[in-house]
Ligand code: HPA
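Heads up, the chain below is alone and in the form predicted on its own; it's given as structure tokens.
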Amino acid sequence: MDYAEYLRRLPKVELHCHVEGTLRPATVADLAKKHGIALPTEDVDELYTYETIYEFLDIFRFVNSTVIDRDDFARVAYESLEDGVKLGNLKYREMFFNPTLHTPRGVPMATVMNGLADGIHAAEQDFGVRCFLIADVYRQDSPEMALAMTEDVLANRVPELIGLGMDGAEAPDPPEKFLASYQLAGKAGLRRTSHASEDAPPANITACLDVLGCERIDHGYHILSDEKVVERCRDEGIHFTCCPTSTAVVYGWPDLTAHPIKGMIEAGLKVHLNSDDPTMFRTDIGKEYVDFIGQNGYPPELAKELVLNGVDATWLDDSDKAELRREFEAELTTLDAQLVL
């Protein structure tokens, strides 16, 4: 087994993947036809073409306008997990979804959540992959809309719902705007995370930890500009869910050997790799490891460290986390024996 195949076959956890960013182009076309929605191009492979985070968000909204009924949500969740398993040996995921991409279109919250849960159950039965859900506040919504969304999520809660997160364009909307949503989520027993310092200063990381009660940070690349925040997160063992390909495209770090993730690893921060919005960035969880590890010339020991960081960062209870780690370590031992460098 060569190194690229080894990296693709590593067992993986993914904690930063938006289900709405995993739609296969062919599925978008099928759903658009089903619901009588006109596509902006006859070549569906050209749907995912953009140069900035703002262009991406516009396309993100359009693509998801084709997902309407319970079966649609089940289909996209199932296909998303199937792709993760087949393309990157995905074993476990905590998956984001954006309720306010759907409910303002008249889609009931129960339809969204029950549909996603249906797909999760079917994927676990067919592929053995486990998955939970994280409802995301969309930063460009008002705090009032975000709070109403959080209330709606809790009123329609499914067992798969594990946490609250936050995404969207970060720079204009600091995390503390959404304190009420995070307080409500915490009182209801949801775990909390947030996209932070992907497009804003490290002060946003501090706000997420101290104000919102976040337990891990999604992205976090600009942390490197503040050594005190780096030291704090290293000392406290804060996990960062990093995404090489998507941020290389929208934030101008096309050379993965110079990506801030490399500096985060060198600084001793707890990092693991994720695919973010894989089909929309023409990637997958296996490719993320192949590209980032391979281009940086990292040895298998570092690749395995990142994989196990992902296990440690999950919101599983201690016994389930320990069992998952044992499963990963056994599989890694088997893969090591087959690797030819």
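Numbering starts at 1 and runs along the sequence shown. Please read all numbers here as calculations on a predicted model, not as lab measurements.
This next part talks about the form predicted in complex with the ligand, which is not shown.
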**Message:** When the ligand is placed as it is in the predicted complex, are His195, Glu198 and Asp276 each within 4.5 Å of it, taking any non-hydrogen atom of the residue?
**Reply:** yes
**Message:** Under a 4.5 Å heavy atom criterion, is Leu57 part of the interface with the ligand in the predicted complex?
**Reply:** yes
**Asked** Is Arg216 close to the ligand in the predicted complex, meaning a heavy atom pair under 4.5 Å apart or at it?
**Response** no
**Request:** May I ask you to state whether Asp167 is within 4.5 Å of the ligand in the predicted complex, using heavy atom distances?
**Result:** yes
**Prompt:** So in the predicted complex, does any heavy atom of Leu306 sit within 4.5 Å of the ligand?
**Reply:** no
**Asked** Counting only non-hydrogen atoms, which stretch in 298-306, 62-70, 276-284, 33-41 is within 4.5 Å of the ligand in the predicted complex?
**Response** 276-284
**Asked** Just one of Val311, Val290, Val28, Ile53 has a heavy atom within 4.5 Å of the ligand in the predicted complex. Which one?
**Response** Ile53
**Prompt:** Which residues from 7-40 come close to the ligand in the predicted complex, meaning a heavy atom within 4.5 Å?
**Reply:** His16, His18
